[in-house]
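Consider the single chain below, provided in structure tokens and representing the form predicted on its own.
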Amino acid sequence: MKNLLKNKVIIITGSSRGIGGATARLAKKYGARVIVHDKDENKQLKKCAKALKTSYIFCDVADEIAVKKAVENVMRKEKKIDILVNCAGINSAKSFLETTDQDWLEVFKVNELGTVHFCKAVIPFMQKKGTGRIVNVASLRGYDVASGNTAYSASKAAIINLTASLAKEYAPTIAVNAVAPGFCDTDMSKTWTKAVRKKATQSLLGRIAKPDEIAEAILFLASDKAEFITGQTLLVDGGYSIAGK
């Protein structure tokens, strides 16, 4: 597996921490030329790039023009983009009646449109190259809706639909898949209440996921090992979604 992604150029959005960060570290281990990303040129992003001895880009995924410029900069330096992993995202824990239009727009601008913007920027280069792989990060909540984060759940369901739509439109040149993580030990998990943490451990495996475990699923779909897979969303939740059925 050491050379799983040897010499592949991979952009991973939202990769200075969490699942994105774990995916960047693992991709580097697998031989990829990794481009890490965050919203701005912060210390965490620079630290991540330095640790991996790799390049970084920064832009607001909700800003289509900024995304396009960032991707063009990658192309000028790397001459190709083999893989795009869309990890950038935000959550909203408000109940439905508490949410404002602005809350909904903000979540969809980052989670859904952010994914759209990077796909739109990268796909033309993959088409010229004649091949490419895209992996979007959805969520268990795109299937198993919970109260209190309606906007987030809806945005992740939209990513699942987008993934299938893009796979149809750009086959056979570009494979597009998604990973839908269940509860995972990231910075966000530190904000969980006791009730949420108890619920999170009710998977068939009796625990929450480690970011590296989600990263393995993402990079499998990004690799040539998944050549005959497209338009699919892989649910990686430790069996949580069927535990009570």
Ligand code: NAI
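Being a predicted model, the structure only gives us computed values, none of them experimental. When you see a residue number, it is the position in the sequence shown, counting from 1.
One more form of this protein exists, namely the form predicted in complex with this ligand; it is left out here, but the text below deals with it.
Checked against this ligand in the model of the complex, the candidates 110, 81, 160, 166 yield a single residue with a heavy atom inside 4.5 Å, and that residue is 110. This chain is displayed alone, yet in the model of the complex one of 119, 151, 90, 71 has a heavy atom within 4.5 Å of this ligand; that residue is 90. In the model of the complex, this ligand lies within 4.5 Å of some heavy atom of residue 137. Proximity of residue 187 to this ligand in the model of the complex falls within the 4.5 Å heavy atom cutoff. This ligand is not drawn, but in the model of the complex it has no heavy atom within 4.5 Å of residue 30.
In the model of the complex, this ligand lies farther than 4.5 Å from every heavy atom of residue 25.
Contact with this ligand in the model of the complex, judged as any non-hydrogen atom within 4.5 angstroms, is confined among 126 to 134, 72 to 80, 97 to 105, 152 to 160 to 152 to 160. In the model of the complex, the residues of 55 to 72 lying within 4.5 Å of this ligand by at least one heavy atom are, in order, 59, 60, 61.
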